[in-house]
Ligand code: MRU
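To begin, one chain is listed below as structure tokens, in the form predicted alone.
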Amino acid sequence: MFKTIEWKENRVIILDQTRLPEEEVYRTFDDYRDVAQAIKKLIIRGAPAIGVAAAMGAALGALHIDTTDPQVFLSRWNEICREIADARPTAANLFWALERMNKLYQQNIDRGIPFVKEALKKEALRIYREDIEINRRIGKEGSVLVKDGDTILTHCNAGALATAGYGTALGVIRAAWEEGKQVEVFVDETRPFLQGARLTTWELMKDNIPVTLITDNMAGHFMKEGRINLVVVGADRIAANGDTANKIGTYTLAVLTKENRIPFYIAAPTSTIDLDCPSGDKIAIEERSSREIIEINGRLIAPEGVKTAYPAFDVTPYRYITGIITEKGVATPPYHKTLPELFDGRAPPKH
């Protein structure tokens, strides 16, 4: 089984997702700046995986701060966190992970720099292990929504490649399959970076789960034909009212499901929920390079110099979302009431 990311001998090892499906290449990083660039360049992607990479990158940076002066250490630590935070603006898990690492730093710095370095490394590894377990719980919570014989449409990649392992949206599908339900999955390409075509199909074929690849503009046709029973996608940030940012094209699918009376589910850990963000209008949407639109594998598919627009994410309004599947249960409307209840009176994660 492949590993999306791991920590080994004080280095971060990441499966290069830009090389899939042609090659399964693992890259080793011993500098936090390179980890930040791996996040920025989509070598690793998917909100939960970005959170794990951010934590590991921060721990890696801390290990290499060569000082015995707490003030100098603090200055360098803040710089490391800022550089990693700048890598991707939309994924809530990145900021959640850095906040968690920073909180641990503040709680332990009085115990000395060697202690805090080791504590930060252990915390990053704890975030990694927790993510895998959380994904399995998401799968278990969501699998009850899947019936034997269902055909599920998913968008982008919210599988093991987008997490520390198992997956969120694909975790729901995996759990249903492991329970013996005979499901089939429709995967749209997810232009322009083709995460569905390159990554999700690769994962599902490894697990021998029946998968059919379609282009993004075919989804409505198959919904109208009655071929799709439900849609399950991941999320990069969920606002307090349930508005959800996910890969560009998700909103289009949600509108189509409403028209065709098909359930539309989000699958994400509670660390993706940002209760400090009142609605989707406040979610920062990353704009990416036009080269990703006009080129595929380095080959032009449009005239050089054509004007482009490339928001990497869109926001699906809460009214289109049937339920939000988390490791703590499935939230249903009204989300401004049910999302806070997932935290059982405990403070929600900071972003």
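Remember, it's a predicted structure, so these values are computed and weren't measured experimentally. Just count from 1 along the sequence shown to find any residue number.
The next section is about a form of this same protein that is not shown, the form predicted together with this ligand.
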| item | value |
| --- | --- |
| Among 240-248, 211-219, 277-285, 119-127, the region lying within 4.5 Å of this ligand in the model of the complex by heavy atom distance | 240-248 |
| One residue of Ile324, Ala47, Ala36, Ala62 in contact with this ligand, assessed in the model of the complex (non-hydrogen atom, 4.5 angstroms) | Ala47 |
| 4.5 Å heavy atom contact, Arg174 to this ligand in the model of the complex | no |
| Interface membership of Gln195, this ligand in the model of the complex, 4.5 Å heavy atom rule | yes |
| Distance check, Ile228 to this ligand in the model of the complex, heavy atom within 4.5 Å | no |
| Ala162, heavy atom within 4.5 angstroms of this ligand in the model of the complex | yes |
| Heavy atom contacts to this ligand in the model of the complex at 4.5 Å, residues of 287-308 in sequence order | none |
